[in-house]
Ligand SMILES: Nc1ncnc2c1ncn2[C@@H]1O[C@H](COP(=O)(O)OP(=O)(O)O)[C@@H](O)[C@H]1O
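What follows is one chain in structure tokens, specifically the form predicted alone.
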Amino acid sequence: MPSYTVDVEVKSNGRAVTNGSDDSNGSIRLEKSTIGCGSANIVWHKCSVEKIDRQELLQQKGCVIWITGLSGSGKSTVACALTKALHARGKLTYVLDGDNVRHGLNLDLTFKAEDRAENIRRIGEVAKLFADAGLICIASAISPYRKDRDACRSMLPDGDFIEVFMDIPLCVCEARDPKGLYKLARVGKIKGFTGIDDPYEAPLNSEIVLQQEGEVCPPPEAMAEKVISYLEAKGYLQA
């Protein structure tokens, strides 16, 4: 994550002024104070209401369901089917869709490799907060690189990151091409498109793998039920 620099002037009355000041009386100037990750001047403030209390209130356990796969594999469709089915069971969920977060939280990011990594890191951090709040957070993002997915997994306690691999062949995803992106990538109008001229690193040990049955893809509701069965078996649908 990039660092940002600002000029800060700390006045004798304790006020801080950025971008300089003509009044140098009793002031100390800190040139290019760095604001970014790794600061030694921040301390975690613990609250008396913790994750276990929120889970008891909601009667569920917070976790992150991370749905990964190629564009067109059905990630968003399954995420919506899953949140609908869990909502019907009285469970509180929230979907972090890879496209949706780029409309706000990640509006400043491109599709360069370093920005893709930052995109996934931010989604992972937000998903972690939702899980800590006791929600079942469903993150739906291509997230093509194992190291980025593994980094998100490492943010959460063991078992609270549930990776769901949409193992749908490239030819099927490209035939669907719901956004017309594969067609643009094939003619060179989109560069670095996952599956075409940029790699997708399939998960090696996902908790759940959703696949076609022969040449037929199960309906999203059936795929969602498979995820729900896993959550039930692992005790996430009760406090």
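Numbering starts at 1 and runs along the sequence shown. Keep in mind it's a predicted model, so treat the numbers as computed, not measured.
Separately, the form predicted in complex with this ligand exists; it is not shown, and the next lines address it.
Looking at residue 51, you'd find every heavy atom of it more than 4.5 angstroms from this ligand in the model of the complex. In the model of the complex, this ligand sits within 4.5 Å of a heavy atom of residue 74. For residue 176, a non-hydrogen atom is located within 4.5 Å of this ligand in the model of the complex, even though that partner is not displayed.
Among residues of the shown chain, residue 231 is not one whose heavy atoms approach this ligand to within 4.5 Å in the model of the complex. The putative spot formed by 70, 219 and 223 is fully lined by this ligand in the model of the complex; each residue has a non-hydrogen atom within 4.5 angstroms of it.
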